[in-house]
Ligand SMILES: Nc1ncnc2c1ncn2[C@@H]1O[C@H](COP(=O)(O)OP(=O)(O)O)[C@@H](O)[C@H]1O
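Just the one chain here, the form predicted alone, laid out as C-alpha cells.
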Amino acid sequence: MTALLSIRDLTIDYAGHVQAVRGANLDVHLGEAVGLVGESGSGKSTLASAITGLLPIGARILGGDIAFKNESVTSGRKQAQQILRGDEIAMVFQDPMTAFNPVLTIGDQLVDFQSRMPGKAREKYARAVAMLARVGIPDPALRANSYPHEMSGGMRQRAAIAAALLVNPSLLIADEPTTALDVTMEAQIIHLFRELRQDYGGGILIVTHHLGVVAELCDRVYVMYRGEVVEEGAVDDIFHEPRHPYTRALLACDPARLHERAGYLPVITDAERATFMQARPR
C-alpha cells in the first residue's frame, strides 16, 4: 500500500550547530493513526513542523525527502506548500492558549480557516458551528461568538481540532494535543480523537511524550531519541516486546507501570543513555 505520507532519511539542523533530526524515516497510511513518541528535545515537534513547512527561523532541511501522496514536499514551491498545508494537511498545535488570534471570535476565525473552500460566509459560519458541536462543545452557536480567553483550555483545544477538521484534511497532525490540559480534559480529548477515528478516513499523526495517548489511539508508533527514529512497530509490539534499549527505558519510566507505592519516580540514568547510542535503530 502506498503511504499517504512518506519521510525518508530526513535530516534537519538549527543554525548549522545542532542536528535536531537525523536520517528519520516515517510512514502514515490512510485510515491509520501513527504515534511519534520520545522525550522533550528528541526532535518530534521539529519533524512535525517540517511536514507542514513551518520550521522556525534558523532551521533547515539538510537532506532527505518528505513526500505527500507521492509528491515531494521538500522540493516544492512555497506557494504549493501553503496550499497543501491548508487543503490537505492540518495541524493541531500543542498550546490551545496561543492557537487562536485573541482579538477575533472563534466563529470568525473558523470562517477564515475555510477561505479556500466554496460557499458564502453564512454557510461557512454554519459549518463552523456544526463542527464545534461535532467536537463536543456545548452551546456551539454561543461559543462561536466567544473570544479565545472566554473559553477553557479544554474548549480551546476542541475548537483547534474543529478548525483542523473543517478543511477535510487527508492528514491530521496533532502535536502534543493533551499536554496543556488537566487530567479530566485530557481524558475527554482522547475520547474525542477515538470517536473521530470512526468517521474520519484520513491519516492521523499524533506527536506526544504521553505513552497512554499512544496506547489508546494509535495503530503503529515510532520512537525518537536524540533526533533519530530508533524503533518502529505496531503499538502492541512496542509496548509488550520493545527491542531497543531506549524504548525499554522509556516504558519503564511510565508512572502507570508502577504497581507498588514508591517515594520516587523512575528515571533514565546516564549509564543507560551511554548504551543507547551504541544500539542500532530497530
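On a predicted model such as this, the values are computed, not experimentally measured, just so you know. Note that residue numbering follows the sequence shown and begins at 1.
Keep in mind that the form predicted in complex with the named molecule is not shown, yet the notes after this line are about it.
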- Query: So in the predicted bound form, does any heavy atom of G63 sit within 4.5 Å of the named molecule?
  - Reply: no
- Indicate whether the named molecule has at least one heavy atom within 4.5 Å of a heavy atom of G31 in the predicted bound form. no
- Item | Touches the named molecule in the predicted bound form: N70 (any heavy atom, 4.5 Å) | no
- May I ask you to check whether R261 falls inside a 4.5 Å heavy atom distance of the named molecule in the predicted bound form? no
- Residue stretch of 232-240, 23-31, 37-45, 245-253 approaching the named molecule in the predicted bound form, non-hydrogen atom distance within 4.5 Å: 37-45
- Message: Under the 4.5 Å heavy atom criterion, name the residues of 2-32 that approach the named molecule in the predicted bound form, in sequence order.
- Response: Y14, H17, A20
